[in-house]
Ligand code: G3H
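A single chain comes next, written as structure tokens; it is the form predicted alone.
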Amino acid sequence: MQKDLRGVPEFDIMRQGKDYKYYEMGEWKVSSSGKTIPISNPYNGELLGNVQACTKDEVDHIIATAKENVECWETTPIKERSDVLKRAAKLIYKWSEHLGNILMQENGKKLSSAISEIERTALIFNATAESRDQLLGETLVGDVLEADSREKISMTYRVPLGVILCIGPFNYPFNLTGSKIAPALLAGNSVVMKPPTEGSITASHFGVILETAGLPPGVFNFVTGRGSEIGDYLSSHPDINMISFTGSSSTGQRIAEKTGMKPLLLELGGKDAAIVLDDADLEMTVRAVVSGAFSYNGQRCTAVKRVLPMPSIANELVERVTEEAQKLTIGNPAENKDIGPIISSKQCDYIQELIDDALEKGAKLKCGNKREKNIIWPTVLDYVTEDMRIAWEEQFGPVIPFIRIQSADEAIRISNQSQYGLQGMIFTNDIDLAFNIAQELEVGTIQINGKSSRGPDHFPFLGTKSSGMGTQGINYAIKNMSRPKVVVMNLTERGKLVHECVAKEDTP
């Protein structure tokens, strides 16, 4: 039996029975559509609750509310905005176990990882609050560049963009949504949150958290509903001033096509390749590959999605990874099993398609290829070739394809041939060679002797090609969610006085 989602009195206002409400202007509301969307536990299929299927009219009203409340929040002193985030962080820590339990049931992440996700979000809120100096301006004098521009003084300060639409993913519905909300609020914007369908319940708790932390009504609002029904309408709405989205590359591309000149911050898919050279530390590499590929069932954009080993190390690496994969525990995420359910049966079917295609074309199965409901056993495929779909398509599941290579140049070619460009990995003791290879890889980040990873959260995080647009990370997000505003003062009288002083000095 799953743990009852009730237990924190402050959260009771969010729901009516099994039905969760949406949030606008500090009020919890039921959609006029009369429709809800069921959210079920991917492990056992039990109904967790229903979220509102909001209408386009309700979307209009929510966005109008957010727009009306930008000015009141923009004029709130930056320190006070920072203090709200700090109070929110304390509440997130306080409720982390409860929220983690909800998250575990909603997306199948093992309990310890789910609680860790909540706590990491509190860390992001705190660190964002401490980064308020990113909003400081600067003063410039004109004569630094032009001698006759001494009378010109530029004062630059940062202002919010307006209404920011924050759309999070199912795999980190609290953390990656929170990493958008915190910098948006610090910068003085109002926020409209659209949580992922699988993850809506967990993310909805931001309403209670921010209200309790003292955020004024109307500054944070959220709408729930299927992306297929309101997603395009939301992202193309003329009163949305910026979109921060994490999700699939296909959805990100669709958003980019529909939004025109709106600023975008997109975190999309990946096909992160681990290049393993002859002199790599095998023990370290095995740990990194197994953890990187199988944590949260491989449902991470930064998961190790393919391994490219050199000939002299390939056999032993494959065998040791297979051995470790077979040690992973399978089952109930509430019991902290290493491998739990994939988010949906549809995604399981897709992963199975990729495995079947590889095996039909000659890949060698080392372990796995077993499915029970929404659980797919950790699967290792050796001798994967470039004509197999899994060499290029993002599996988003617990499958490691090994593509054996003959040279570093071949590894670079295969890595760069991907439509994705999120991260790459190089395992070697030759740091000079690692840096040379790193310069050739067409990705946002290269990890040397470590698995691909998003954090720490103050590091820049970005992708090239179909993997994203813009740079994330706390300070980068604050800058992306604000803009410089410049006031130039032309001090003609000051200039005249200076020239008169010079003239007097020249008089005998």
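Bear in mind the structure is a predicted one, so any value in this text is a computation, not a measurement. Note that residue numbering follows the sequence shown and begins at 1.
The form predicted in complex with glyceraldehyde-3-phosphate is left out here; the points below concern that form.
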| query | finding |
| --- | --- |
| Close approach of Phe220 to glyceraldehyde-3-phosphate in the predicted complex, 4.5 Å, heavy atom | no |
| Close approach of Phe174 to glyceraldehyde-3-phosphate in the predicted complex, 4.5 Å, heavy atom | no |
| Interface membership of Cys301, glyceraldehyde-3-phosphate in the predicted complex, 4.5 Å heavy atom rule | yes |
| Heavy atom of Arg120 within 4.5 Å of glyceraldehyde-3-phosphate in the predicted complex | yes |
| Listed residue that, although glyceraldehyde-3-phosphate is not shown, lies within 4.5 Å of it in the predicted complex (heavy atoms), from Asn69, Ser453, Asn41, Ser31 | Ser453 |
| Candidate stretches 212 to 220, 164 to 172, 381 to 389, 353 to 361 - the one whose heavy atoms come within 4.5 Å of glyceraldehyde-3-phosphate in the predicted complex | 164 to 172 |
